[in-house]
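Below sits a lone chain in structure tokens, taken as the form predicted alone.
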């Protein structure tokens, strides 16, 4: 077997990671022949809980799991990693405005970016999960100039998967029948789920559902799904978020199927009039450990208006944390 891939995970004792770490150790990101080492970061008060997670990882006896490091030191967790999964972030509390959350988490990701810049591998693959994910990734990118900026991404695969599920249910199809779903923009309620190019068992999705459903039901259902889960279970969607992270990384590392694409929030290359460098969700294909934005789709005026509204929200978030952008 080859040398282990080193994977840093922040907030590693949290609920998302509890659903995710065992899948990573089982080879769900890098495949069945690639050993992995986990470098797990938590705040000091949670180290006891993190040690319990390590005990369970040990007890699973995963053949691919080379070793597990538990630490409260970001420099230890982020040193020489091949991938960094930034899951930990301050949750939104009672009475907090979104701008307060952005400011508080922005300081965390500014610091983590500086440390990753110091000790991380320049080609480290990064996915930011902690919200607001796109803007936290933008802050991290600004503070980590030594890291390949293309490799700093945010999670919208959860939204992509939610959208596939909703379309499959509407058309009485299997999720495996759905291809070419798109999530544009920010991982927030301004995101733009788009079925314009989606197919259902080879048939155009737009021929199977009416326009009113696609715009008035589908988009808000996907965009507000996280809030619906919180209302139903009293806490956030940890398991599906964990699955989205694994899917995001597995597609990036192992590639996307021929004839299909996935949604990733990546630094914009200027496609579709989105400001270059902004962390924005696009449809992408992945091959050989890299991704390519699908840049030749014809977008309707109505959809473009929604896409620009999501960009405007990202501009507002960036303005809130402008003092953290080095």
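Residue numbers count along the first chain shown, from 1. Worth saying up front: this structure is predicted, and the values here are computed from it rather than measured.
One more form of this protein exists, namely the form predicted together with a small molecule; it is left out here, but the text below deals with it.
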(message) Counting any non-hydrogen atom inside 4.5 Å, which residue from 248, 125, 141, 187 sits next to the small molecule in the predicted complex?
(response) 187
(request) Consider the chain as shown here, without its partner, and state which of 68, 46, 284, 53 has a heavy atom within 4.5 Å of the small molecule in the predicted complex. (result) 46
(message) Partner absent here, but in the predicted complex, which of 297-305, 263-271, 36-44, 23-31 has residues with a heavy atom within 4.5 Å of the small molecule?
(response) 36-44
(message) When the contact criterion is heavy atoms within 4.5 Å, does residue 103 count as touching the small molecule in the predicted complex?
(response) no
(message) Would you classify residue 310 as touching the small molecule in the predicted complex, given a 4.5 Å non-hydrogen atom cut-off?
(response) no
(message) Is residue 117 part of the interface with the small molecule in the predicted complex - any heavy atom within 4.5 Å?
(response) no
(request) Tell me, yes or no, whether residue 155 is in contact with the small molecule in the predicted complex, where a contact means a heavy atom of each within 4.5 Å. (result) yes
